[in-house]
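Before any questions on binding or motion, here is one chain by itself as structure tokens, the form predicted on its own.
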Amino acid sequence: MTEYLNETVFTWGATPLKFGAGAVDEIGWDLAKLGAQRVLIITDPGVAATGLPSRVADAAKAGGLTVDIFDRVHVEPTDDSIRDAIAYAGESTWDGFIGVGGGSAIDTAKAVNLYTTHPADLYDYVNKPIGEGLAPPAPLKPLVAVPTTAGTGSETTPVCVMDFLELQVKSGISHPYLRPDLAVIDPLLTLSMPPEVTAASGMDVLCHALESYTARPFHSFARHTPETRVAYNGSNPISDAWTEQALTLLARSFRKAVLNGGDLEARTDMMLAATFAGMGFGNAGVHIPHACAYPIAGRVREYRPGNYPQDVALVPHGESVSLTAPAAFRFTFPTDPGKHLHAADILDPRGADTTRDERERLPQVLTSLMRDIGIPNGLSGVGYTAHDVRPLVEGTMQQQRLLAVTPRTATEEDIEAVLTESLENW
């Protein structure tokens, strides 16, 4: 057998999809095909108020299934809210789960499926260094994801994320067993998304695509054994193809979806973009913007964005990711100028945002978009100051699973520079 020092193998996996207007009404048939008879729908109060989970439940019941609804998912899940959901699910026996909502609901459904199938302390499966990083001992029960936002791509990924309140940092669980068995993607479900939610969710899609596209190449890692190969294995030809398609759809429809939420064609493009980007980053991985986003979201003090719950301070995930994106891609530019410039050209095909400094091309395209759709102007726009940079650096450096995919080594000093540049983006 030939011995290689560097990796020569990459893996790629994705959730089977059912996509299109009206797809959600067929969910009873889909669940029965997966062998589920007693299913728990997991959603949040806002989505529950729309009546959509009840509609999903009716479709499942029409297929002969027994259904219950848990509607206490926390927007931006916390360790406490995850434990609450696990405890509720543990009061009965389920042979399948449905996550209905944004990434918060689908991530919570992944965690519930994991911890009720293979009970353990919450920290056992959480990624190091926050948790023990243990692998689930066997596959999980059937999980169907029904996204209602064009954002996280959680319906196609093997990852769930939560906020650890006492630690003031986010972390997550990453393993192929977490990937949903089916994603039912119905663009009609997103027509009522408010502009602020559309903008934040869309920035998450955009950063998924850009981070996975510019991630450290799979062949630059040390050689893995079959047992040690991880879900995030670096940029590769298949992930690149999906993320380029996502960028094309975003260029065509992102602004339209924010400014005219009733545009079904734009909404369909955004749902496809979220799915394509998820199929890219769910295998290649994400890096600096997401690593920085976790402490940004975890340490927020007073910021309350419009059309999100107002009872607690929060930075929506898509916003928290986007705030450092211009500076992050300025930092990663030297590793592959061609990819950075190509991404900028896809997003801005007419060259409306041009600069003589090639390193500034992608950051300029991003800041122009962020201004147009109402994203806050940097960290200062969500309440952070220069005095907060060091604690944010500390939280970011805990995200080694993500930073390992950064295409160039990011030291504490590098992350501090990225965060400082991101206090204001324009």
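Because the structure is a prediction, the values reported are computed rather than measured. The numbering used is simple: start at 1 and walk along the sequence shown.
Not pictured, yet referred to below: the form predicted together with a small molecule.
- In the predicted bound form, the small molecule sits within 4.5 Å of a heavy atom of Tyr308.
- Although the partner is absent from this view, Ser192 contacts the small molecule in the predicted bound form, with a non-hydrogen atom inside 4.5 angstroms.
- Although the partner is absent here, Pro289 lies well away from the small molecule in the predicted bound form, with no heavy atom inside 4.5 Å.
- In the predicted bound form, at least one heavy atom of Leu52 sits within 4.5 Å of a heavy atom of the small molecule.
- Listed residues Thr152, Ser322, Ser235, Thr243 were compared with the small molecule in the predicted bound form; Thr152 is the one with a heavy atom within 4.5 Å.
- Checked against the small molecule in the predicted bound form, the residues Pro326, Gly298, Pro77, Gly172 give one hit for a heavy atom within 4.5 Å, which is Pro77.
- For the three marked residues, Leu40, Ala89 and Arg179, no heavy atom of any sits within 4.5 Å of the small molecule in the predicted bound form.
- You can rule out all but one of 64 to 72, 356 to 364, 390 to 398, 40 to 48: in the predicted bound form, only 40 to 48 has residues with a heavy atom within 4.5 Å of the small molecule.
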